[in-house]
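First, one chain by itself: the form predicted on its own, in structure tokens.
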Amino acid sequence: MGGEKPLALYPGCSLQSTGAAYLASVHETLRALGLRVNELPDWNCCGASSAHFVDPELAVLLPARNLAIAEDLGADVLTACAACHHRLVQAEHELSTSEAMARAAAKQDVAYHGGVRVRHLLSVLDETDLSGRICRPLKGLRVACYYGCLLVRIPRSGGIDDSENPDIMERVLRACGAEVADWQGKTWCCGASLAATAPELAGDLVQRILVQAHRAGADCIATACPLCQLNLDLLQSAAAERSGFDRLLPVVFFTQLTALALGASPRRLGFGKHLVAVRPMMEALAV
């Protein structure tokens, strides 16, 4: 990353709780690549996934404070959570293009002047030469890369790849030796927080995604969103009963696979935190 600003990792709330395996594998991936990235100090919640429904101004000011901290450090922000990435990118766009929003931020003592780039870890890995660094190739593993709704669909300010048919996660995992599935469901909605308020609807959406992953012959599903991972993991058994799946698909974070390929110990990657057992996947990799 020569010549670029240092990166400050914004973990967000989910990676400190239900997505703890994600955070552990993010650190292991960065460590294996020799990328020294410190956590953004004194960070706060970005407002996902409810602030923009309650108060549009607050939805910008919450992530804006994190951008201001990064600006003071002279750093860009590194994200892993799809929702956090979405809120931070949207806030940077609003503050840079709306004088009213910039004044609102100043009124709340959020001193952000612009220029902070929000980068997702997938983009960093896609720009990193992984050749020669892979010591445990993911050979024989067929992965369905699942992006969900938010990561590549950020209105007005752009996503990290094509919004309809992204391929960035596939490129990264191919570099790790995996086979990637060509499937329709990669950007379909999993229901997000509707799993709590409208579980039947979320269950139907999850089932629809899983049907496509099975049809594609996937051995596992890889995602970049802790809420997507939770929904596909938590609701999969019920979907399997309704659809008659003969097996369950492990739902893992893409960084668990990259860290594994880069030689990290599986015990450090949080595989035991998943509801759908990853043992068949690990046995297929002879791990």
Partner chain sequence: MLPREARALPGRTDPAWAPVIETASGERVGLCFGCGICTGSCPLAPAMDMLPSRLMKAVQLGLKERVLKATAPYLCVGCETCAVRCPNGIDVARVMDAVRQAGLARGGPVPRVDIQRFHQWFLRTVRLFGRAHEGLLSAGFSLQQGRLREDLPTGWALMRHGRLALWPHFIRRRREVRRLFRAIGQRGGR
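Everything numeric here is computed off the predicted structure, so don't read it as measured data. Numbering follows the first chain given and starts at 1.
The following text describes the form predicted in complex with the partner chain, which does not appear among the structures shown.
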| property | result |
| --- | --- |
| Interface segment, criterion being heavy atoms within 4.5 Å of the partner chain in the predicted complex, picked from 172-180, 101-109, 114-122, 133-141 | 101-109 |
| Residue 216 within 4.5 Å of the partner chain in the predicted complex, heavy atoms | no |
| Proximity of residue 233 to the partner chain in the predicted complex, heavy atoms at 4.5 Å | yes |
| Partner proximity in the predicted complex: residue 197 to the partner chain, non-hydrogen atom cutoff 4.5 Å | yes |
| Proximity of residue 261 to the partner chain in the predicted complex, heavy atoms at 4.5 Å | no |
| 25, 211 and 242 all contacting the partner chain in the predicted complex, non-hydrogen atom within 4.5 Å | no |
| Sequence-ordered residues of 38-56 touching the partner chain in the predicted complex, heavy atom within 4.5 Å | 42, 43, 44, 45, 47, 48, 49, 50, 51, 52, 53, 54, 55, 56 |
